[in-house]
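This document contains two forms of one protein chain, each encoded as structure tokens and listed individually as structure 1 and structure 2.
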Structure 1
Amino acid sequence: MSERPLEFRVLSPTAILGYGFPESSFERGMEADPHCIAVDAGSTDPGPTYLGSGKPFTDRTGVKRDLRYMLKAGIARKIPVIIGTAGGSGAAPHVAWCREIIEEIAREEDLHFRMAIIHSDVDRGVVLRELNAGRITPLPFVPELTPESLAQTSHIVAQIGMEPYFKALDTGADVILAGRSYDPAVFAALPVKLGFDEGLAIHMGKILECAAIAADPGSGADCVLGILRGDHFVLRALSPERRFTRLSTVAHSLYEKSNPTELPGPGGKLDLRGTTFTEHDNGEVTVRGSRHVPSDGYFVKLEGARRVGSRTVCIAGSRDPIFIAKVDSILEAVHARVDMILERENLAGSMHIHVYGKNGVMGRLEPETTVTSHELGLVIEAIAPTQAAANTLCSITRSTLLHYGYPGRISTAGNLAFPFSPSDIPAGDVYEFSLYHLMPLADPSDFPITVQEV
């Protein structure tokens, strides 16, 4: 497709590839004759571990199931299938994981197509050069990047904009598989390339990337259709049990972002101050007036995580009213005793006990100071340089707490109830976000693209 159609229809099957969708909704979407099928496959929401470790956070069976529908329908209709932020975090191992699933489906279904793969990994040397030149800027509340934390960062990705997608579309690809991407770019790239308004296309992408979450009732596992025209776009739910309402759509503008009217992205920001939302009786909503304002210089957000250690957890409970009344002083004493053992035995690590029934959910943000529950749930979290060391630290903490003779104790057989044996669960590597910074790009399309005939 190279000529601009009167309207451009995008089918968004699900909020995150692998979350699933009803077959009937997908078929209803295909009956609307979409110009492309696009899906966002990732997020930073599940935490830093997935990007850091290179592991997907979505389930392989679910991803393969969703992709099978999308690839079969897209190839049969000769419309592009576009997948952004492959594997949940969009670094090289995530893209390779998703590519293997696509190739497997192609073999099983005897599908043949051209696939363009966009790699959004960024070379560490490039980031270091920019850092030394003073051109790496942290987002609010993000610690400054140092050469040390950069060296410890396992995978570095850029949240790419539409420009690499333009290049991938130029290869004549039937399927585009991309690394970390600005979510709306996945949906907006093709219509913008055909000449549709950037502000409207990106705003539509911003809503479509969450699929039916912005509908009423909301769902992350159902399909929606976006219809982009000259000066507006229309949102249509594809299940009879859902509709878009003015309120469901505007409420979504608030979701997961700090400012609802100015949404920054690669190369500019989306300005929704003049946007209007019109609700129709047929369950559709029309959106007008969204503008894209290019920024002075093109910046992308870099993401990266570094390993901080290994974790072992132990789940336990207390039903003793004397223990519960004194829980703060007991845990303080146990902390001190464990610290003493660590020092004496020359062991590294840190320990934290989550107290459910007190402040397990809100931690230091919890305003409630009195405990009213008759039982408490405790989760011991031990973090140390190696898994073996974390196991040791968890074991020391558990046994110290189990047998700690606090003042006034009358239940002398043991302070904890364990639901499981073994009580301690090795939980693997722990990561933290070390990169969440902006970096300028001279050429926003300059990301490697490989093309393969499947």
Structure 2
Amino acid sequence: MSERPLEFRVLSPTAILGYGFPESSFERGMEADPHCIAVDAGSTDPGPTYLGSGKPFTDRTGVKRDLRYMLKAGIARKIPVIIGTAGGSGAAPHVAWCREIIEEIAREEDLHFRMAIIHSDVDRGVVLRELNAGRITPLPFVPELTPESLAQTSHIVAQIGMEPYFKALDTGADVILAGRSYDPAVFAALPVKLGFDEGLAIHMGKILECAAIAADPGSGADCVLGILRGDHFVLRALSPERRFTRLSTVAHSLYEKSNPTELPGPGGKLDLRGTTFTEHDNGEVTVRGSRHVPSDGYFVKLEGARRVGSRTVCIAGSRDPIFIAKVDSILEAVHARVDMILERENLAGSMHIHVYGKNGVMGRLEPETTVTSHELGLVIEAIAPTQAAANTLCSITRSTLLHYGYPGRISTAGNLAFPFSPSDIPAGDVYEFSLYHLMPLADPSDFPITVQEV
């Protein structure tokens, strides 16, 4: 597509590749004759483990199912299929995993196409050079980057903007498979390249990246259509069960934002101070006035994770009203006893007990201090340098809590009920985000692109 059409239609099949969608919704989307099919395939929401380990957080069967629909429809219609943040985190092993699935589908369905692969990995040496030059900036509430934490980071990716997609589109690719990407870029790149307004395209991409989550009722497993025109865009749900409303669209425009009127991204920010939302009787919403404001310099967010140990967990419960009434003092005493054992035996590790039914979700931020539950769920979490050490720490904590003699206790057989045997569950390596920082780029399109005939 070399000329700008009067409107540009983007089909977003699902909130994250692998989450699924109704075939009927997808077919309605294809009946609207979209100019491209685009999908966001990842997120940092599931935490740092997947980036650090190089493993996907989406199921291979689900990803293959979604991709089969998308590839068959896109190739048949000769419209681009664009996939961003492949494999969930977008590092090299995640891209390779998704690439293998695409090639497998092509063999099974006898599909022939050109695929451009964008890698968003950043060399550790480049980051160290920028760090030593004082050009790495932490995001709010993120600690300063150190050479030590950088050296421990297994995979480093940049949240790329639209510019590498422009280069990939110039190759004539039918399919674009990209590493970690700014979510709206996956949907906005082609229309912006054709001359559509950047602010409107990015805002539309911001909505489309979560597909029908932005509709009412919301769903992460359903399709939506975005229609971009000269001075506005329109959102259309593709299931008769859903509709876009002014409220649902405004709410999703605020989604994952610390500022209600500005959304920063690579090379600038989306300004919504002049944006209007118009709801229509047919279940569509028209959005106008969104602007893209270029930044002074081009910055990308770096993401990286490092291993910090191994984890073992134990799930238990209590229905003893005496235990529940004294739970804070009991856990404090158990914690002190376990710490004493660790110090005496020279064991490294940390332990935490999550109390569900009291403050298991919000922890110290929980404003409700009165426990009204008749039962509590307890999750013992032990983290240590090795899995064996984590197993030991969990065992010590579990047995100490199980038989701790709190004041007023009636039953001495044990304080906890265990739903599983064995009670202790080794959970493997633990990672934390070590990179969540901004880095300047002289050339925002300077990311490796390989092209293959599939």
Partner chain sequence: MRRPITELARVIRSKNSGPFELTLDILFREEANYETIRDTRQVTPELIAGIYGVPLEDILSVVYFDPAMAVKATFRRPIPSGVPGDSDIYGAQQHAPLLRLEFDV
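All residue numbers here follow the sequence of structure 1, with the first residue given the number 1. Just so it is clear, the model here is predicted, and its values are computed rather than measured. Each form is matched to the other, and the largest set of C-alpha atoms that superpose within 1.5 Å is called the rigid core.
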Identify which of the two structures, 1 or 2, is the form predicted on its own.
2
How far, in degrees, does the smaller rigid part rotate relative to the larger one between structure 1 and structure 2?
7
When only the core is superposed, residue 340 shows a C-alpha shift between structure 1 and structure 2 in angstrom of 2.8
For residue 370, what C-alpha shift in Å is seen between structure 1 and structure 2 once the core is overlaid?
4.1
